[in-house]
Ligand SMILES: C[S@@+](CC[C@H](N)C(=O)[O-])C[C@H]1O[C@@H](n2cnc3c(N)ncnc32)[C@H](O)[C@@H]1O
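So this first bit is one chain, no partners, the form predicted on its own, shown in structure tokens.
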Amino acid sequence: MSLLEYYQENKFNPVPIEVSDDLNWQMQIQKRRNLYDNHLGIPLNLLKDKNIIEFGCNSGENALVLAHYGANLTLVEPNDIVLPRLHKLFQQHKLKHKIEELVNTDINSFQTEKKFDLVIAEGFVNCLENRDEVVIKLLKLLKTGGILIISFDDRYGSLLECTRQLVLHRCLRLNSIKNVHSEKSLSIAKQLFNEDFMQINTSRPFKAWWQDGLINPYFSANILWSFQELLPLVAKNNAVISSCSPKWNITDYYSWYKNIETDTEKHQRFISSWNKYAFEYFLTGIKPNLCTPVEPSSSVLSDTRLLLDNISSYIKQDSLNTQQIIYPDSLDKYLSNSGNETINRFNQELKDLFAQIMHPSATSESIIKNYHSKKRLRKLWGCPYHYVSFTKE
């Protein structure tokens, strides 16, 4: 079963966004303007009459904003469950004339000779088995100077998301609940996380997050991606990174605009900035102290990746013993030496939580109690979801 089939089988809209009333519609516009104008450096006011193609547009709430600013849209959406809502929203907002073509197919099957000013693929590319080939296909759809926007779940930024998955699945097994899609599963998830979830700025309800994240069989270590994997791929295909959201890259800070770099130099500095300043932030969501960066060793990165792999294996009910899910000593030492008291407290809480989750005598009640005691950790969500824009050379 693919991610698409998972959505279709469960008759599931992964990101329903409320835009039916004026207040919610204006909020949707503000959020997308902040993403495009302030983070990705693409002013929405300049998209009038530009030709844009969006793959996986879902029920169209984001595409609706592009149409509002005058863009001409080609929309490609394989999940026919969401199409009635898409038609309804564009009709309600009197923007249906901005849809030049709506194609009910997947990204691999879609074919066109047309070139676009902007190509968008949010939230699914990293889940595809042939994701490298898909990125190349997307780049080929761009005009020279055109921009590709994709979003993905970051390998290291998803540590806390995967940890919450582990907490839920461990509780379900201890309660002999085999159907992770059941109301009992949802009830335990709410008992664990609903209070924390309500504190964050999100566009979707708890149940959608539970379905798309906590129990989604496709949100696992094997679908996580990273800037270290993406940048060499786009560089080989005549594109260069433009910007990202969240904005963590400082390679252009305090730099004179006349200092021109090659694409290779820019990508090298981008990754160097990630190593020095971003790793802690990706893990925790806590802004780093730029004055005293601590660069992670290769063992920290590899051990963290192995931890995520083991969590995924447990969730998939592979033959992994719970005792194999061990909080890495290398990660413990790295975070303990951060010099940031908040990071140190977070590290102690996370290490203790892992010890409790995997303890042979653990019960669902003891795990829930232990998780609820983690006051610092519960406020943190890491930095799992990233947008990135690339310019076609």
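Start at 1 with the first residue shown and count on from there. Please read all numbers here as calculations on a predicted model, not as lab measurements.
Another form, the form predicted in complex with the ligand, is not on view; read the next lines as being about it.
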Only hit among S273, S185, N79, N310 for heavy atom within 4.5 Å of the ligand in the model of the complex is N79
The one residue among P296, G123, G146, G285 placing a heavy atom within 4.5 Å of the ligand in the model of the complex is G123
With a 4.5 Å heavy atom cut-off to the ligand in the model of the complex, the contacting stretch among 106-114, 220-228, 296-304, 252-260 is 106-114
Can you tell me whether E161 touches the ligand? I mean in the model of the complex, with a 4.5 angstroms heavy atom cut-off. no
D196 near the ligand in the model of the complex, any heavy atom under 4.5 Å? no
Using a 4.5 angstroms cut-off on non-hydrogen atoms, would L380 count as touching the ligand in the model of the complex? no
In the model of the complex, N62 touching the ligand (heavy atom, 4.5 Å): yes
At 4.5 Å by heavy atoms, is each residue in Y36, P43 and L46 next to the ligand in the model of the complex? no
With the ligand taken in the model of the complex, which residues across 126-140 come within 4.5 angstroms through any non-hydrogen atom? L128
